[in-house]
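Quick setup: one chain, the form predicted alone, written in structure tokens, and binding and motion questions come after.
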């Protein structure tokens, strides 16, 4: 009887803290496998690498909590990066950043309207939007590589390359975005309404919640943070390729789902989404340190995504811990 109680408590703890346990196990494994993994330089490198994904993941968390997906964030990252780089020398860094943010929000508004108000399927709409945005990027650049004329003469590079008290500035931006989105989700009326809409749209509608507006705002938020991510990315490399954000949507969704945000909506946590993104970043970094080919990380992410999705669906059906 006592063993049964202990087993149930242990399983309950593993279910609630499984993400943290997985994170610690990965740290231990890569620390043993590579002497470089836990060095200060490598830790800073990992944090800088995941900062952009983490910023975008905050918006993606809102979207998935609302019961939808945004597959366009990779192409939108490419477009906003190209926009901020191409306009930097023409109108200055601040106006260029504002335009990039407006482009991100415009894309989010379009997706949010089609999905929230016209009730169209989010995966189909954003998958189509992915191609449209990539086409717009190529038309805008004429297929050419974008770069700053004199990158050493502008403060713009500080956003993606600078440090404050030894902390990379992109990580500081990430921390600010995480805090803002966490507060919105946990402490505001909008956050409670978002969780209600994702959990049960019919019930929330009869409760007087305007689910169309909530869903649209989640996509606008996703577009906004993707614009921020594009700015940071452009500042880091001071140039932009037309396909620079390709694959970001897969990494972001993997991290968010790994962080416990439910595929069916109504459940999610900003801090856990970041932890999920951090695990994805650690896998990428660890595989490289161990000498694995770059493409193996995609296989690992696919396996992780399949397992996490299975657990999420099975738990909703009452098959986990039964």
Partner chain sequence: GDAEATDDGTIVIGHTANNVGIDSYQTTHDQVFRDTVAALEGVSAIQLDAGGDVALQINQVEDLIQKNVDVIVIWPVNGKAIVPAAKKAFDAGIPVLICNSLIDESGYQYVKGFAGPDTYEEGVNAAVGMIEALDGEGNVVELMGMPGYVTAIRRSEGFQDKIADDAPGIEILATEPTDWNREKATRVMENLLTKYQNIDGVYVADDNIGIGALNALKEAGRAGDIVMTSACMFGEGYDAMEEGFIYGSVYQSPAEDAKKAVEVAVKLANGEEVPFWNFFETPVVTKANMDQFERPNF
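Residue numbers count along the first chain shown, from 1. Predicted, not measured: the structure shown is a model, and the values here were computed from it.
As for the form predicted in complex with its partner chain, it is not shown, yet the points below apply to it.
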Is every one of 45, 233 and 244 within 4.5 Å of its partner chain in the model of the complex, counting heavy atoms?
yes
Of these, 105, 171, 217, 138, which has a heavy atom no more than 4.5 Å from its partner chain in the model of the complex?
138
With heavy atoms only and a cut-off of 4.5 Å, decide whether residue 275 touches its partner chain in the model of the complex.
no
Hey, in the model of the complex, does residue 152 get a heavy atom within 4.5 angstroms of its partner chain?
yes
Quick check on residue 143: any heavy atom within 4.5 Å of its partner chain in the model of the complex?
yes
Within 4.5 Å, heavy atoms only: does residue 181 come near its partner chain in the model of the complex?
no
Since the partner is left out here, which residues of 150-164 would have a heavy atom within 4.5 Å of its partner chain in the model of the complex?
152, 161, 163
